[in-house]
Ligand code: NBP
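Okay, so here's just one chain, in structure tokens, the form predicted alone.
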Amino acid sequence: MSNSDFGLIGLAVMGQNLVLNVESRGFQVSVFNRTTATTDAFVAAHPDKKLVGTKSLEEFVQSLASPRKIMIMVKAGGPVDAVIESLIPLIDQGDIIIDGGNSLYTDTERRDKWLGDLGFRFIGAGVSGGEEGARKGPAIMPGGPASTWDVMKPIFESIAAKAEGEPCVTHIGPGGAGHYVKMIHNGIEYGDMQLICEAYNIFKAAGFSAAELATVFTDWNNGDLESYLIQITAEIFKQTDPETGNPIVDMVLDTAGQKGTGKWTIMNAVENAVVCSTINAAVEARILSSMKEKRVAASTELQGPETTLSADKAELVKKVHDALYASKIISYAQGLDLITTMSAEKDWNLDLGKIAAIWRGGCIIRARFLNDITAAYRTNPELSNLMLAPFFKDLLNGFQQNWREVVSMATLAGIPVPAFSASLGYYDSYRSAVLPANLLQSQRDFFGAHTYERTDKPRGEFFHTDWPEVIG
């Protein structure tokens, strides 16, 4: 048997599906898993596939054609480093190691330097699409040297999802750029999911049944809100619990998990002084959801309004549609603004048009309006904020009244809408020529002599007032 074109380490579900995807495109694939029984069972389950099961890393490495292309699909952090350390004595200079997990981009940059100094090549590749995407075509966000991308391009383009005839993969940029963009993708995903959940909560308070919600979300998915997340939400509302006969969504405990990429996004936003309030609200909402026992106890002590939500259902659907769409634009705008800032900071020269284009298929946040985002950045690569692209500016101007009414009615009814509210707050702050920060800066100068600029003087000149002494 000839040497394999590609190798993968880590045969959990994502790894297995990626292997089957690669093999289906005409490549022979070698596989290795720490538990040999997993390797044996996987290969045995696919006797007609060009798969080479190996029982040791040495055998695995020897089975690969040069330059070796080795993808690691193991848990982020220490396990990735451990696999790399085990591979180093076995591979040759010029061989390529690909980390396809959700690694923190700073870890990827460290590994890129580590392996580069030893003469090896490294790619940190964000892979989005879940189990189905891995099998049928994910969105792939590879970072690393352009020359390494050239070697991997035939395989990556063949296995990626396709949108508008284009593969949902491109060379993102050097070093940790690929995993960084995947991190922001996941942050936007957090925002998207929380906004959908807030829309659901409003509808639930207005008395919508699961069947009605399935219809609403199906209709939305057939319109301008078409997206993977809207589509699966419609399917969720159609499912009945076989044990109780109730809608399955009503039987799921309201405590959400998270793996860290949302929190990483917020931490990076703070470090770069970029506002990501929608994503932050989504992360905090998951944290609050995990405080189930405290919330149950507080519900008996803390009062809410006596007002309940009452509205014409058809009218409410339209208003929530507009609020969801507008807030969704803000989530993307904030994430893309963070990418722009980080690109300049790291000199990555990231192309937002290309990034938005590969998000149009395969990934979790794929949505119809990513075509419009792609067009906006291809038309104006220097666009300062997505909200200012003509298409999105017109939408926000048109939707803002219903957006306000949804946030107002939810607040008056005591329905938490942190991501809707944060999105609207960002929109209103960004469009305000004057903010009350003049008072804030006066306060800073009062207690700390931090100085301030004046409205009647050129920018960059700073002044200080001798404020009166306050005793108390």
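Predicted model only: the values in this text are computed from it and were never measured. The first residue of the shown sequence is 1; numbering continues from there.
The same protein has a further form, the form predicted in complex with the named molecule, not shown here; the description that follows concerns it.
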{"query": "Heavy atom within 4.5 Å of the named molecule in the model of the complex - residue from G260, P145, G116, P79", "finding": "P79"}
{"query": "Interface residue in the model of the complex among G353, G94, G130, P174, criterion: non-hydrogen atom within 4.5 angstroms of the named molecule", "finding": "G130"}
{"query": "Distance check, T35 to the named molecule in the model of the complex, heavy atom within 4.5 Å", "finding": "yes"}
{"query": "Touches the named molecule in the model of the complex: G361 (any heavy atom, 4.5 Å)", "finding": "no"}
{"query": "M73, heavy atom within 4.5 angstroms of the named molecule in the model of the complex", "finding": "yes"}
{"query": "Close approach of K182 to the named molecule in the model of the complex, 4.5 Å, heavy atom", "finding": "yes"}
{"query": "Residue stretch of 96 to 104, 223 to 231, 290 to 298, 336 to 344 approaching the named molecule in the model of the complex, non-hydrogen atom distance within 4.5 Å", "finding": "96 to 104"}
{"query": "Residues in 5 to 23 with any heavy atom within 4.5 Å of the named molecule in the model of the complex", "finding": "G10, L11, A12, V13, M14, G15"}
